[in-house]
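Shown below, as C-alpha cells, is a lone chain in the form predicted on its own; questions about how it binds or moves come after it.
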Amino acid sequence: MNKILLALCCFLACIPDPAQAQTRIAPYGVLPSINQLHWQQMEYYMFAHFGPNTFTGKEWGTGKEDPRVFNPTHLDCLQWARVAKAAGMTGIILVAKHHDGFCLWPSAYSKHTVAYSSWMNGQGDVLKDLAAACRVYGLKLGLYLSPWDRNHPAYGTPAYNQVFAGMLNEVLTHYGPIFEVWFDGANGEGPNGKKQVYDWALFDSTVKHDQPQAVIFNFSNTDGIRWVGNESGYAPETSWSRDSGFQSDSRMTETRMGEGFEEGPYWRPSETDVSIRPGWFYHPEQDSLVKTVARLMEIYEQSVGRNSSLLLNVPPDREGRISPVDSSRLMAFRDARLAAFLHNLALGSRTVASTTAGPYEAAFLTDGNPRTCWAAGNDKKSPEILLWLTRDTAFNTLELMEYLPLGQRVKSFTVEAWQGKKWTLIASGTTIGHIRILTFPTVRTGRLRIRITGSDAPPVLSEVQLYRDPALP
C-alpha cells in the first residue's frame, strides 16, 4: 500500500462519521508505512540471546567453540512464549546467529550449527520450536542475524555475501511470518583475519522479497526502524520518528541517533534494546543482578513512553528455559504496569479546545479510542486543550498520543493544573509521537490545561489519559 493510500485510509478511520466530514486533514511531511505502524503498536517485546555463549560464559564467542558445547538439557520454547505472553509482551526476537557464526537452525550453509551440536543428537531446530510456540501463544516472531561470522571460512570474501543471503532465505521462508529482521552492524575479522564488505542492498532485498511485511533494523535502509543509540534502556526526551536515514550522516551522534531529525526525509522510528541482566547471554552469577521493578518501570516510561519501542532481552538459561529469577521479575513488572495504568482518570471528561477542524472534536481525546482524533484548525499550531474532570482527582502520570498516520507534528507542550485561583505548571515536554508518558508529583485538581507551544503543522492528537501510579509520590 503506498503512503498516499495509507494516509487516506487512516484519515477515514479517524473520522467518527465520514458522512458528516466536510474538513479534510492534510497529511504532514513523511508518513509511516503500514508495516511501521503495525510495528510501533507492538510497543514491548522480548529479545532472546541464546547459543554457545550461554554455555561458555562469554558475551562474544570466538567462532572456534566446538558446536557440541551447545546442549540445553530441557529446551522449552513453549515456556519462553508462555512467559512472554504473561508478561504482556507482543513478540519474541530470537538471536538466531550471533557473531560467533553459530546457527540455531540446521543451515545448509554452515557446519557451525545445531546440526553439529550435542543437543538432540543434531536433530533439533530452535527456530522451528520457537516459531511453533509463538503461534500457540499468539506472539509475533522476529529474527536477529549478525552478518559478522567468526567461524565461516568464506567470511572476508565476496562469496560470503551470497552465503549470508542464503542463510537469510532459509530462515525467512521456512518458519512462518516474521515481523522484524534485526541486523547487527558489527563488522570484525573472520577466521582468515579479514573483514567483510557487506552487501546491504542484497540483504535488504532478500528480506523484502521473502517477508515484505517485516521491518528491518539496520543503518542500511530508509524505510525500517533505527537504533536508539544506547543499550541502557532509554530514548531521549526529544524523539522524532523522522530520521536522516544513514549512520554515515556527519550529524549522526548517538544522541542524534536517538532523537531522530525533525526535518528528516525518512520515517524510521527508534527501537530501545536493553537486557534485564548486565549481560546479553545468561550467566548464573548474574542471577542477583536482574534489574529491579522500579528500574524496569523507568525503562518502560523512557522508551515506550518516549515514542520508541522496548526490546527487552531475557536470555534463556543452560537448561533452555527462562530463569525463574527473570520470569518472576517480569511478572512483578507486569503487575506494576497494570497498577500504574489501571484506570484512565481522564476517560469521559468534558474536553474543549481553542480550535477544532470540522468534526475532529476535542471530546475524542478522552473517549479511550486511539482510532479517533482531535485536530486543530488550519494554520493553528499553538492550540490549548482544557479537560474538566468529573471531580477533583489525584494523578501523577499523563499519557499523550499523536495520530501518526497523518504525520508527527508536535515539538513542545506544557501541562497545567488549576490550583485554587491560578494555573500551575506541572509538566512539560517536547515531542509526543506514538505515546508520550510524563510522571510528576501527585497533584489534585478538577481542571487540566494542555498547551501546544510548538508544532510543525496543526496538531492531530488521538488520546489524553491520566493515571495515578501507587508507586510514585
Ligand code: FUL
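Values in this document were obtained by computation on a predicted structure and should not be read as measured data. Residue indices: 1-based, along the sequence shown.
Keep in mind that the form predicted in complex with ligand FUL is missing from the display, and what follows is about it.
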**Prompt:** Pick from Asp243, Glu180, Asp273, Glu402: which has a non-hydrogen atom within 4.5 Å of ligand FUL in the predicted bound form?
**Reply:** Asp273
**Complete:** Only hit among Phe333, Trp119, Trp280, Phe219 for heavy atom within 4.5 Å of ligand FUL in the predicted bound form is Trp280
**Message:** Using a 4.5 Å heavy atom cut-off, which of 412-420, 437-445, 44-52, 29-37 contacts ligand FUL in the predicted bound form?
**Reply:** 44-52
**Prompt:** According to a 4.5 angstroms non-hydrogen atom cut-off, is His98 in contact with ligand FUL in the predicted bound form?
**Reply:** yes
**Item:** Residue contact check: Tyr144 to ligand FUL in the predicted bound form, 4.5 Å heavy atom
**Value:** yes
**Heavy atom of Glu231 within 4.5 Å of ligand FUL in the predicted bound form** = yes
**Message:** Please tell me whether any heavy atom belonging to Glu262 falls inside 4.5 Å of a heavy atom of ligand FUL, as the geometry stands in the predicted bound form.
**Reply:** no
